[in-house]
Structures are given as structure tokens and as C-alpha cells.
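In the form predicted on its own, a lone chain appears below as C-alpha cells.
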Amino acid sequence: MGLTRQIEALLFLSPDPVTADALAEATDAEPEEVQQTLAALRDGYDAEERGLVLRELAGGWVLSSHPEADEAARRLLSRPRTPPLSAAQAETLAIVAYLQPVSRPEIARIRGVNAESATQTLLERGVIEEAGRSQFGATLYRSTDLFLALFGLRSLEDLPDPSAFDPSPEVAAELKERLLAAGDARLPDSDAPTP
């Protein structure tokens, strides 16, 4: 069996992204040859307009269905979708992604509200995981490879640059209102401004 077929078969069998080094070791091939074969496979899938795509995600390579087949696949498989992230979960996940490793008390401080429920849900979904303890004993959290795969990222360096965030006036006003409300909620009664 040729190298292309071997690599394609290994990628088909693996539920997780596979590194080029692991493929080279499994096929007894040189890493450069594996990289060339992966590039040729990816280009072949694209050129032939196939139902599969070869993607580089979470530090490895994975075969997946073409995004255009998503709706048809959902109808065929008739599986309920995982519910979308709530606003609290999305905020918590963003904080973990950008500041990791980060503790739950720090997440709560940044959000201005308790982060326990959102953190627990993200742990259950497998997009964050425990990453040790802080100097104060709080559990630290970081994102997982599943997070990278779900968001189509090769690594954390692919996260959007937050300094490039340019919200619409409506979004900016909503963010300002939420931040002011969170700040007011944290003020002790004695320090609260008087009307």
C-alpha cells in the first residue's frame, strides 16, 4: 500500500487530530515525505470538490466532512445539536482562552458575577480543563484541543487579536452599560455615590 493510502486510512481511523510525526512513525516514512503527502491530499480534496476536507487543527491533521454538507448531514443523522453556549459560558470561555491558565475567582472578578455554573458546563463539554493550582490554591483552567478543533484553530496563536475588536456603537453601548453595572455591584455601600 502506498504512503498516500496509508495516511488517508490512518486519518480516517483516528477520531482526534494526528501529528505529522505520529503519521511518519506509524508509516515508517520520513517526516518531510509525510508533510508533502498531507499537502497533496489536502490539495486533492479541494481540487476534486470532494465531500471530505483535510484540515490542520489542534497541532495535528484530521479528515472531516466538507462544511457545505453540514445541513444534509444533520438531517441524515437526526441527532440533536449541542445547545449553543450561553452568554455567560461564551464570556467565561473567552476569558480562559485569552488569559489561561486562569482561576475561577479571577474569571468571576473579570465578569463581575459568579462563574461556577459556566465553568462547570465548559468542563463537562470538554472545551476547558483543569491546569493545576494557583499560588492561593484555586484551581486553574486552560482550553483543550477540543476547543481548538471546534473553533477551527491550529493553536492559540490563531485567536483573534482583541486589540482589533471594533464593536458597533450599539455593542459598545451595551458593553459599557454592563461594565458600569458590574462596577456598581462591586462598590461597598459606604462608597456608593450619593445622588
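Numbering starts at 1 and runs along the sequence shown. This structure is a prediction, so every number in the text was calculated from the model and none was measured.
One more form of this protein, predicted together with a further copy of the same chain, exists but is not displayed; see below.
Taking the partner from elsewhere, G59 is found to have every heavy atom lying beyond 4.5 Å of a further copy of the same chain in the predicted complex.
The shortest heavy atom separation between T27 and a further copy of the same chain in the predicted complex is within 4.5 Å.
Residue contact check for A39: none of its heavy atoms lie within 4.5 Å of a further copy of the same chain in the predicted complex. The closest heavy atom approach of L63 to a further copy of the same chain in the predicted complex falls within 4.5 Å. For the partner-free chain shown, L10, F12, L13, S14, V18, A22, L23, E25, A26 of 10 to 26 come within 4.5 angstroms of a further copy of the same chain in the predicted complex, judged by any non-hydrogen atom.
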